Ligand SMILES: Cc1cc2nc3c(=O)[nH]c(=O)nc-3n(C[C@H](O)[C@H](O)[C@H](O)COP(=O)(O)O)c2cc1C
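Given next, in structure tokens, is a single chain: the form predicted on its own.
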Amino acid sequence: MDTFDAINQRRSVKAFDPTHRFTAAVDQAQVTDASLLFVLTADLEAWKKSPERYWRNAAPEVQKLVTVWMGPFYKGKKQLQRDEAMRSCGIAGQTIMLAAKAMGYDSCPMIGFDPVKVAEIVNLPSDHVIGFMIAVGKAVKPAMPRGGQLALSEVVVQDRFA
């Protein structure tokens, strides 16, 4: 499937085939019926745990520059660390959903769950956070129609805010 087709066709499907193959998600069927359930997590302190591993394929001078820079950039900035974790989960999640759609599967991003219970189930380390979950599987009924889309003028700001 073409990437743009995947972007256009990717929808939040709530009903999956349970035979095409967790339960702290407020009895949402997509969690138990989906073939896969991704729990996207991020390490809030990844920046100080061997940061060179993120740059292992970069040129040595880039590796050194970026790994030296990471500590002072993130140290003591809890909100920035959390923001980066959520950005990373969002990017990874969208990639998972588009790849699933391109492979003929459907998906549903989820925030309607008990994060404390899910953290217990997956034995989440204390320095990690849950971004969201994604159910992936074969739809057994179509997704609800799109709820609407904001006008481009409402979501794009050119140069600066007025």
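The structure displayed is predicted, hence computed values, not measured ones. For every residue, the number given is its place in the sequence shown, counted from 1.
Just so it is clear, the following notes concern the form predicted in complex with this ligand, a form of the same protein that is not shown.
For the chain shown here without its partner, which stretch in 51-59, 34-42, 65-73, 104-112 has non-hydrogen atoms within 4.5 angstroms of this ligand in the model of the complex? Of the stretches listed, the one contacting the partner is 104-112.
I'd like to know if Lys138 sits close to this ligand in the model of the complex, meaning any non-hydrogen atom pair within 4.5 angstroms. Flag for Lys138 set to no.
Within a 4.5 Å heavy atom cut-off, is Arg11 in contact with this ligand in the model of the complex? Although this ligand is absent here, Arg11 would touch it in the model of the complex, with heavy atoms inside 4.5 Å.
In the model of the complex, which residues of 32-53 put a heavy atom within 4.5 Å of this ligand? Heavy-atom contacts within 4.5 Å come from no residue here.
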